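Only one chain comes next, encoded as structure tokens, the form predicted on its own.
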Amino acid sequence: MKSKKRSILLIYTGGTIGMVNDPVTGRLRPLDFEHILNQIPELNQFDCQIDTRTFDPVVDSSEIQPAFWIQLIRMIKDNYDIYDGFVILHGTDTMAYTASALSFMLQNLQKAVILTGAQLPIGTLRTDGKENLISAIEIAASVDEKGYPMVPEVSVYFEYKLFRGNRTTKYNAETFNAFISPNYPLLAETGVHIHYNLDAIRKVQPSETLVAATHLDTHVMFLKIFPGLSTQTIREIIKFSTLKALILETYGAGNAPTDPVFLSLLKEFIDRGGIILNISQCRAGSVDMDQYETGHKLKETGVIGGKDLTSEAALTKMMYVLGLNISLENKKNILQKPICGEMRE
């Protein structure tokens, strides 16, 4: 019996992959999605159905806002039972933010949602866009011996590598190897063959039902610790009555100054119902507030640890958790444990 042809929804949101040079200004500008399809006739060779949707208007990745993520979630949810997988073409600047956000907003996901893009427009001679798109579609359509998707999670494909979406960060704007995942292994790597790291790929239960969240609370702010940070600056920040959470970017394993005024300001914010999540400024490694006295002082004030969360995952997880209709204590508990592989146990 012939197996059913796989179907993939290709969603073009914008980004360099679909840009051309404006003949008047000389700057890159988005072109309609048909330009991409015309540039990649190889897509016709896939033994799967590929349908397309285009954001109207297309969105430069530097313009991405949470409303965009909600729109994308609704598009995936509306088409979830129709397609076997999804490939999202997206600008690279905020791709890690979008991948992280989708991972939290698509709970119980059982299909591949792969974000990809390019450092050079698809129409240029040396573009990386063709390989990225072709491989992303092939992976999204791939199944295991039982017929289940090979990578049933939100991921980022770039330059022969497939990363867990909420573990990625963009670290290079000038090479094709634009993304890294410093605290989690690759999900797959492509070459002559595609090699899947099965131990790293998220396991799902076939009976799980997709839960799509469409409410995010954006009353959150980053506070990066640096030598010379004024306590007056912190005092002004926590004065904002609408601010619900701070993501504290600290040194090393979660360390910060032990100045009593600094700590008292953090405690003041926490005591009035605010959440402070501690993540490291380091790309690799994890926060451990019991390792040093400077970190332990933060813990004593009520700051909670974000372990090895990337800044992109910390921000989007905080928005997702703040948007849940649960108690403050439950929100803090969820922030400190993995819910979709975004941090270590």
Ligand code: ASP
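Start at 1 with the first residue shown and count on from there. Because the structure is predicted, anything quoted here is derived from the model rather than measured.
Beyond what is shown, the protein has a form predicted in complex with this ligand; the following relates to that form.
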Q: Using heavy atoms only and a 4.5 Å cut-off, determine which of 187, 139, 118, 245 is in contact with this ligand in the model of the complex.
A: 118
Q: Work out which of 159, 84, 93, 249 lies within 4.5 Å of this ligand in the model of the complex, going by heavy atoms.
A: 93
Q. Which single stretch, out of 54-62, 273-281, 290-298, 305-313, brings residue heavy atoms within 4.5 Å of this ligand in the model of the complex?
A. 54-62
